[in-house]
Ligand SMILES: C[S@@+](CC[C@H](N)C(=O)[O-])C[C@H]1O[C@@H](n2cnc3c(N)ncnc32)[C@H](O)[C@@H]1O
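As a starting point, one isolated chain is supplied in structure tokens, in the form predicted alone.
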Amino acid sequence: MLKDNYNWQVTGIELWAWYQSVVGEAAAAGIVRREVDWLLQAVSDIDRLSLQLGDVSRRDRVFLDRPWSEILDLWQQRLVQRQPMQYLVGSTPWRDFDLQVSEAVLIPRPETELLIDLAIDRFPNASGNWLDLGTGSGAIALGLARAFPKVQVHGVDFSAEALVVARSNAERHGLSDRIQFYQGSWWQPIGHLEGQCQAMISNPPYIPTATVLGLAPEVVNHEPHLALDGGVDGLRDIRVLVNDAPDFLVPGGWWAIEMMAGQGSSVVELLKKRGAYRDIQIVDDWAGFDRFVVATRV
């Protein structure tokens, strides 16, 4: 953040005393300490190392990008209303990006980064048309465009509000010319790409409807249910991706999705039943849960 944006200030002693008390509040509420650090780094000229070393209290002034009262209010929204910190500060780190987020989009999770790593391992010199269906914030689309200079990425989302965020992120990171966004339901707005796509990647809604309401308040009360609810069994939208992808993928085209842990065998069975895929594989996430399924169009 530019120095000119820091128009407010507070003493180091005052901020450090608040920080120490808030860390205790966070622990009692089950909120990890790094969220408090994240908040202060987002709204002040404090860096992570200063917080770790406790140097803040020795500073005469800490410069802020908003009034101190607003920062106190942000923390209360996190603590009491369980508003996700990413929405409060308006951004989240993902791979090597700083992505803008709002309640119009799902907050990109670290495990989703593995979809980009899987693509890089499989196609080190990828080119052609790649699809990101259910693009949300545009995270996967940006990851693909950054990883593959010869790829043209096509991102689709049903939510017009989500696409505003996605386009902003593409512009922010200089990738607008590499990504085309479309508003509509899954394949509907990209009929002109039938039979022309080298890969389809998606992080679709996959949580069963009955399970959504039991999720943490940060998720169920703030993240868009459109991006979470996968129908009665969680597989409603995955079925659409399984059934229609062969019409869009070239022979040998790649199919990859994220799913909920425990859905792997069901997704594999859907792919086999469709009869248009080979090399079907379940891939675990860092925690050892079945998180992704990949396949190749015959």
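All residue numbers are counted from 1 along the displayed sequence. Source: prediction; values computed, not measured.
What comes next is about the form predicted in complex with this ligand, which is not displayed.
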Hey, in the predicted complex, does Met200 get a heavy atom within 4.5 angstroms of this ligand?
-> no
Is there a heavy atom of Pro204 lying 4.5 Å or less from a heavy atom of this ligand in the predicted complex?
-> yes
Taking 4.5 angstroms as the cut-off for heavy atoms, does Leu142 touch this ligand in the predicted complex?
-> no
State yes or no: in the predicted complex, is some non-hydrogen atom of Gln100 no more than 4.5 angstroms from a non-hydrogen atom of this ligand?
-> no
From the list Trp186, Tyr87, Phe181, Phe123, which entry has a heavy atom within 4.5 Å of this ligand in the predicted complex?
-> Trp186
None of Val165, Leu226, Ile190, Leu118 but one has a heavy atom within 4.5 Å of this ligand in the predicted complex; the exception is Leu226
Hey, of 167 to 175, 144 to 152, 75 to 83, 106 to 114, which bit sits against this ligand in the predicted complex at 4.5 Å between non-hydrogen atoms?
-> 106 to 114
